[in-house]
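What follows is one chain in structure tokens, specifically the form predicted alone.
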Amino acid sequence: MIITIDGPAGSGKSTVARKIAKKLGIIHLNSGALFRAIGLKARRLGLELDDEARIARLAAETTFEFVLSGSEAGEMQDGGPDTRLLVDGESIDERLGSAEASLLASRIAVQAPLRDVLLEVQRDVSQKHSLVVEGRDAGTVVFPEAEFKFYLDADVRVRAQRRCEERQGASGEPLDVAKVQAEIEARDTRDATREIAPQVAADDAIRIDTSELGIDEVIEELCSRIKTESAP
């Protein structure tokens, strides 16, 4: 089974995808984390981010592994296992949420050779595991035949506030909401207008506006849809 959850930054897709994967006891695949991991690795190695062939080769040489940890997987349990991403055998989850990782990912995510490599990484994982996949083109490009497709969105002001709360929680320092909103709007424009895999909702995706919904309400809605569609 493959469930895709697409949407812009701050729409809630990361939290929703992680919690639904836990409930179902399956792998949570954050496609953006792959780009972040490669961006961080390239920066650590001192590579030029504009060298598309070298960045793609770096990704091809990198080992990605998604593993379940914690309690035993069980269908629709409240407390299921977490998914850990191992990069070259090392867990780097704590570094993937940084502003630096986000900026690096944004710079290299438009590169076609890299996207081709990471596309195959994601599809290879799907051959071994059921997945909840989050991203910006998971339901349109990566898994167009997914059994369930969702597209989450929210007002940009709400998304900026959420992103500030996330970053403030990690750093403990207050952030400028207006500045973060400007960053998100710029990212939205880049993602929606890029030639390669632009951020759009799949024609058959279920669209949900999360502006006035809590995380639990969004999860309940998605799980209800999954159960309904899965019923014989």
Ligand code: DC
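In this text the structure is predicted, and so the values were computed from the model without any measurement. Residue numbers run from 1 along the displayed sequence.
Below, we turn to the form predicted together with 2'-deoxycytidine-5'-monophosphate, even though it does not appear here.
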(message) Does any part of Arg36 reach within 4.5 Å of 2'-deoxycytidine-5'-monophosphate in the predicted complex? Heavy atoms only, please.
(response) yes
(message) Please determine whether Asp153 contacts 2'-deoxycytidine-5'-monophosphate in the predicted complex, using a 4.5 Å cut-off between heavy atoms.
(response) no
(request) Would you please decide whether Lys179 lies within 4.5 angstroms of 2'-deoxycytidine-5'-monophosphate in the predicted complex, comparing each non-hydrogen atom pair? (result) no
(message) Whether Arg207 contacts 2'-deoxycytidine-5'-monophosphate in the predicted complex should be assessed with a 4.5 Å heavy atom distance threshold; does it?
(response) no
(message) Counting any non-hydrogen atom inside 4.5 Å, which residue from Ala105, Val141, Val158, Val121 sits next to 2'-deoxycytidine-5'-monophosphate in the predicted complex?
(response) Ala105
(message) Whether Lys19, Thr83 and His129 jointly form a contact site for 2'-deoxycytidine-5'-monophosphate in the predicted complex is the question; each needs a heavy atom within 4.5 Å.
(response) no
(message) Within 4.5 Å of 2'-deoxycytidine-5'-monophosphate in the predicted complex, counting any non-hydrogen atom, which residues from 110-129 show up?
(response) Arg115
